[in-house]
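Given next, in structure tokens, is a single chain: the form predicted alone.
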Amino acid sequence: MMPVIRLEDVSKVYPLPFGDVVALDHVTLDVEKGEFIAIMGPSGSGKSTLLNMIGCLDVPTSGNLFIAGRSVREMDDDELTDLRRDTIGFIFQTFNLIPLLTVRENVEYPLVLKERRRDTWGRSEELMAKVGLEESLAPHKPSELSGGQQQRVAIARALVNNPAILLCDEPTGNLDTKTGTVIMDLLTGVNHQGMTIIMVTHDPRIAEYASRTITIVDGKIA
């Protein structure tokens, strides 16, 4: 069977006035269903670009990316939107919360997009509790939260659709050690239930939660 994620000789080049920047340089990688992979490397090495590529937020300059056996090059915009909504959860380093929505509305938003109705069965509240968000925070807007609280909202939102693939960009970067441990235990739990996780981290202690660590240097897998 084909891996759940496959990159075949993928490169990403950003043309800039002062010269091209090669963010990914002929990367080939297979990720099996249910793996938990940590991606490490120096700042600017291509870690986040790789994550964005797998999340279909960016497209390769050359090479091929397959998700669940399908080439993303063969998908139209509607199919890519459905893939990102239904199959992939993304924990962004910059949170990307919707400022006009409350905490609860941010968490349930992917569910509303998928089901075309509000969350009436308590999935949002369940995940908010699991990531350590007090019920009293539900009606607050993101601007009224600390960075750590916003991070927890982003994590709950990424998990609400129970995605097959979870992409995490520094998921504990804004959290204290105790809360970070709670979040990593939660991620380990959903991984044991079959979720495939790819996580960018600079912290070797966090990388130890993964079953495999990949190091990227200058856009290449070292």
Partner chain sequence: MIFFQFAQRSIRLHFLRSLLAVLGIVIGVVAISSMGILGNSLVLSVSESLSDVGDTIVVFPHAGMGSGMGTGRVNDVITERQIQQISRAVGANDIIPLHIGADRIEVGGETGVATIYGMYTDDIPLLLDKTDGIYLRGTGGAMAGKRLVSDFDLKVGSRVSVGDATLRVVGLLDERGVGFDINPDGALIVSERWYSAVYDEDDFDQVIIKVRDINDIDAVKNAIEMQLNKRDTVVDVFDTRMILEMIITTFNSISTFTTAIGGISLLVAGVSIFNVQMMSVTERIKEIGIIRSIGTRRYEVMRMFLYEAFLLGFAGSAIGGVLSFAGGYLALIVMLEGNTSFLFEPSSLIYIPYGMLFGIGTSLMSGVYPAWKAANLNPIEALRYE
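Between two forms, the rigid core is defined as the largest C-alpha subset superposing within 1.5 Å. Bear in mind the structure is a predicted one, so any value in this text is a computation, not a measurement. Residue numbers count along the first chain shown, from 1.
Beyond the structure shown, there is the form predicted together with the partner chain, which is absent from this document and is the topic of what follows.
Stretch 83-91 is the answer when you ask which of 122-130, 83-91, 67-75, 144-152 has residues with heavy atoms within 4.5 Å of the partner chain in the predicted complex. Within this chain, N162 is remote from the site of the partner chain in the predicted complex, having no heavy atom within 4.5 Å. Proximity of N191 to the partner chain in the predicted complex: non-hydrogen atoms within 4.5 Å are absent; the residue sits far from the partner. Under a 4.5 angstroms non-hydrogen atom cutoff, the partner chain in the predicted complex lacks T179 among its neighbouring residues. Residue contact check for L29: none of its heavy atoms lie within 4.5 Å of the partner chain in the predicted complex. The putative spot formed by T102, E105 and R118 is fully lined by the partner chain in the predicted complex; each residue has a non-hydrogen atom within 4.5 angstroms of it.
Within 4.5 angstroms of the partner chain in the predicted complex, the stretch 38-69 places a non-hydrogen atom from each of N52, L57, D58, taken in sequence order.
After superposing the rigid core, the C-alpha of H140 moves by 2 Å or more between this form and the one not shown. The Cα shift for T102 between this form and the one not shown, taken after rigid core superposition, is 2 angstroms or larger. Core-superposed comparison between this form and the one not shown: CA of Q93 displaced by 2 Å or more.
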